[in-house]
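What follows is a single chain, given as structure tokens, in the form predicted alone.
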């Protein structure tokens, strides 16, 4: 069937399908990116990494930029407020295999903004321009920017910052259509994303409130963006990625699997995390993922509560397997 959209072009990278996995702190590690890539991601992005932390080469920081090898192309996202430090960090991540360097002007978390990083940079468009210029000058790979509308509703600087970034060499802009002060409250305003697309010649990637394949395609058509970035809606539901890919390739999106099959994939995710991180780190990290895979499944609340108290991976997996067996034993409604 004919494709309904074009590939996303970032520098020399022709990305198909034009679906990008959003960077999510403590979530989009190499294990998850490798698990989600086959569902139809064209581009994956690492957890966002502090440019200052890269100076010290800590094991945890280096893990955050590491790759599994099958999820390429990979964009490594950096945050910070000093142009020289950001440039140095960009050189490090490219040496470690980043295909694209992404600059974070979007994170609203206090731990980031209190040091003037992430979305706090939007309070100073000139500083944003200096950061992008420094990073572009430091590396040969494409440099992109992810941003919000502005720090607050009274100071929407996204078009100004994006034009500055384009002028000094950025190859694409991702816009999450909320302000920093909004965090994730309210709704993403895609009218702003459409305005940004009209204002730039480089690709624009739209982000915000894309929890349904048909909605994602409607947003693409209405805004004219070159790609969509999927984030929180994929957690516990990687099938959303496949459904968006189906729509982009001209097919009717496949139905989300039944509860038992969703939990089987949850176990696959659990075992992959164990293999990569070990028992001590994987078990607490998987609690949040299991809770999301359970969403909408009968008896989810009680099972979530039980999983949160389990410290053994064997016991957690056995608990999920028991729920699969009970689901398959339940009579099908007429």
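Positions refer to the first chain, counted from 1. Bear in mind the structure is a predicted one, so any value in this text is a computation, not a measurement.
The form predicted together with a small molecule exists for this protein as well; it is not shown, and the discussion that follows is about that form.
- When the small molecule is considered in the predicted bound form, residue 317 lies well away from it, no heavy atom lying within 4.5 Å.
- Residue contact check for residue 263: none of its heavy atoms lie within 4.5 Å of the small molecule in the predicted bound form.
- Shown alone here, residue 27 lies within 4.5 Å of the small molecule in the predicted bound form, counting heavy atoms only.
- Shown alone here, residue 75 lies farther than 4.5 Å from the small molecule in the predicted bound form, counting heavy atoms only.
- Figure note: of the listed segments 92-100, 243-251, 123-131, 228-236, the one touching the small molecule in the predicted bound form, with heavy atoms no more than 4.5 Å away, is 228-236.
- No member of the trio 35, 269 and 293 reaches the small molecule in the predicted bound form with any non-hydrogen atom inside 4.5 Å.
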